Every structure is written in C-alpha cells, then in structure tokens.
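Read the single chain below, which is given as structure tokens and is the form predicted alone.
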C-alpha cells in the first residue's frame, strides 16, 4: 500500500480522535510507530491492520469508514496535490489518470507494487474501473469518484456493476458523465 494512503489514514484518525486515538490504532494494529513515506510501498497486511484497528478505535462500520475516509481524502487531496487537480481540468481526466499515477511510483516499491486499479473500458460518456484489491474498498472508490465529479462541478452516475464482496473476481465500477467527451478534441 502506498505510504501516502497509510499516512492519510492516520491523519484522518488524528482529526477525529486526536493523537491518543492514533496511538491506539498503531498499538492495536501491532505495527511500529513510524512516519509513512509517500513514495514507499508498505505491506498490504500493515494497511489492513491499520484500517481494522481504526474502525475499532473509532467505532464505525466498514461502510461508514470508507465514506468518511473518501470525504476526508477528497477534502485534503486537492490541497496536497493542486497541480494534479488543476492540470486535469475535469473529473474524467483526473479519474483516468489515477491508475497511471499509482503506476508512476513503483520504482520505489520494488516487488511490493500490485496494480489494483485499471481503466478497463471507456465510451464517449463513460469509463469503467476494474478494481482488484485484497482490501475490497470499493465503497471508498465509488464515493470518492462521486466526490471527484462534485469537485469539478460536474454531474453523472457512479455504479458498481460487479463486486468482489459479492463473489465476483473483481469489482467493476462504471462512471457515467453527463457531459460527454468531445471525440475530436478529447475534452
């Protein structure tokens, strides 16, 4: 898991429950306290342990955690990465870039990198993610995709067509944009 996501998870816990809550999460997860580095990848099991411990300490369900973390993530990410959000210019461009952004970090990850998210298909007014992660955070993906639409003042629909939680091989999430992309110009 990207260090950036682990770091944001602990900052989110700190915002909700303070540093005492972070200390409890780290202790319950059974990991050494550390500063997570953005460009490093950490074991998937470590993130899973942190996430489970955070849900316990905060007393929330998986669905509540995914939605709240998506809202936090979308509140802080445009401030942390203003160039990515500005240069993308619209929701579709940003959403299509996310898998590429994840792939751009692996040289620091070595063998730890696992491609979890790919753009599986596209059409003039839609795109579809294939999401394959042991964390099964499809609720986070769906809610954050809706928030990306809102960030750019756009409308559309985000729907899960297949779900690993319900036995599918992976999750398929389709995002429909009310404003179709101009095929000639790409915007």
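Residue numbers count along the first chain shown, from 1. Source: prediction; values computed, not measured.
In what follows, reference is made to the form predicted in complex with protoporphyrin IX containing FE, a form of this protein that is not presented.
Although the partner is absent here, residue 151 is not a contact residue: none of its heavy atoms lies within 4.5 angstroms of protoporphyrin IX containing FE in the predicted bound form. Protoporphyrin IX containing FE in the predicted bound form comes within 4.5 Å of no heavy atom belonging to residue 72. Within this chain, residue 53 is remote from the site of protoporphyrin IX containing FE in the predicted bound form, having no heavy atom within 4.5 Å. Contact annotation for residue 26: none of its heavy atoms lies within 4.5 Å of protoporphyrin IX containing FE in the predicted bound form. Contact with protoporphyrin IX containing FE in the predicted bound form, defined as any heavy atom within 4.5 Å, is confined among 129-137, 59-67, 157-165, 28-36 to 129-137. Residues of 153-177 include none with a non-hydrogen atom no more than 4.5 angstroms from protoporphyrin IX containing FE in the predicted bound form.
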